[in-house]
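Only one chain is included here, represented as structure tokens and corresponding to the form predicted on its own.
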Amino acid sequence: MSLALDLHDLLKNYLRRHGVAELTVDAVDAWRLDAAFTLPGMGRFRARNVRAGDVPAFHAFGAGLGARAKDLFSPYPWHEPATLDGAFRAAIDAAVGRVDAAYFLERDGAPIGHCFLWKAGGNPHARAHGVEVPELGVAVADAWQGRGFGGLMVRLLTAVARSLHADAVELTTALENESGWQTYRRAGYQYVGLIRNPQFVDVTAVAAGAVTAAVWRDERQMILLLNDAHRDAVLHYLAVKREEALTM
């Protein structure tokens, strides 16, 4: 099934719970994705790729996250204004350069959700172990939580990963993030172990010694296996990551 058809089916299934709704999907591939739908009484929603010039969109999205949400979703240095724009620009460059598959979910033009598959265009660390395993990140603005948008974005990213022929999708989630844990479990993700993760920095940059993480946290490591033929290799790779994290 093509990515466009996969997205159309999952969005149609989501919209069934909300009555009659308009739906359009334009998804040539993971890097050219634009899906829009209307929810009665809630407005017009759109999932689209992160693109050049999106620094204001990142700031607008961050403004909708409270302190707890920023602590749970920490790929960017929210509490360091001097470096935040640079982190956003790096994320945009990675999205435009087809390194990361990154998206905003907008409501009437304002970003209320953000999600990404880190290293969707190729994960060198995973490839060294013979597998392709991008990492998933999802967050929903505080005012829009509890409406199923988190689960919708998880499934969108899963469809993207399948279209890119990934062997699995990995994610980590804080031990106290019970709502996220339940969302991932419902989407088919399985717990494989605890991993020590740096917060507010790129874990690869930490591993390479390019930056130093000041904050670390034990998190649940979870996967969705997409290629059963590579199950053992994927599980070995994830175990290696857990061991390597202990030495950083």
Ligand SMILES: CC(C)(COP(=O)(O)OP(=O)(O)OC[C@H]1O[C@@H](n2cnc3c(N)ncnc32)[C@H](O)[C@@H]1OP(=O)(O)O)[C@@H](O)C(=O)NCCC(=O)NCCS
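Don't overthink the numbering: it's just position in the shown sequence, from 1. Keep in mind that what you see is a predicted model, and the values were worked out from it rather than measured.
There is also a form predicted in complex with this ligand; it is not shown, and the following applies to it.
In summary, among the residues Val192, Ala60, Leu39, Ala69, the only one with a non-hydrogen atom within 4.5 Å of this ligand in the model of the complex is Ala69. Interface residue among Glu178, Asp108, Asp85, Glu80 relative to this ligand in the model of the complex, by the heavy atom within 4.5 Å criterion: Glu178. Although the partner is absent here, Gln221 lies well away from this ligand in the model of the complex, with no heavy atom inside 4.5 Å. At the 4.5 Å threshold, heavy atoms of Gly121 stay clear of this ligand in the model of the complex, well away from it. At least one heavy atom of Arg186 is located within 4.5 Å of this ligand in the model of the complex. With a 4.5 Å cutoff on heavy atoms, Val138 counts as touching this ligand in the model of the complex. You can rule out all but one of 92-100, 126-134, 70-78, 160-168: in the model of the complex, only 70-78 has residues with a heavy atom within 4.5 Å of this ligand. Within 4.5 angstroms of this ligand in the model of the complex, the stretch 84-104 places no non-hydrogen atom at all.
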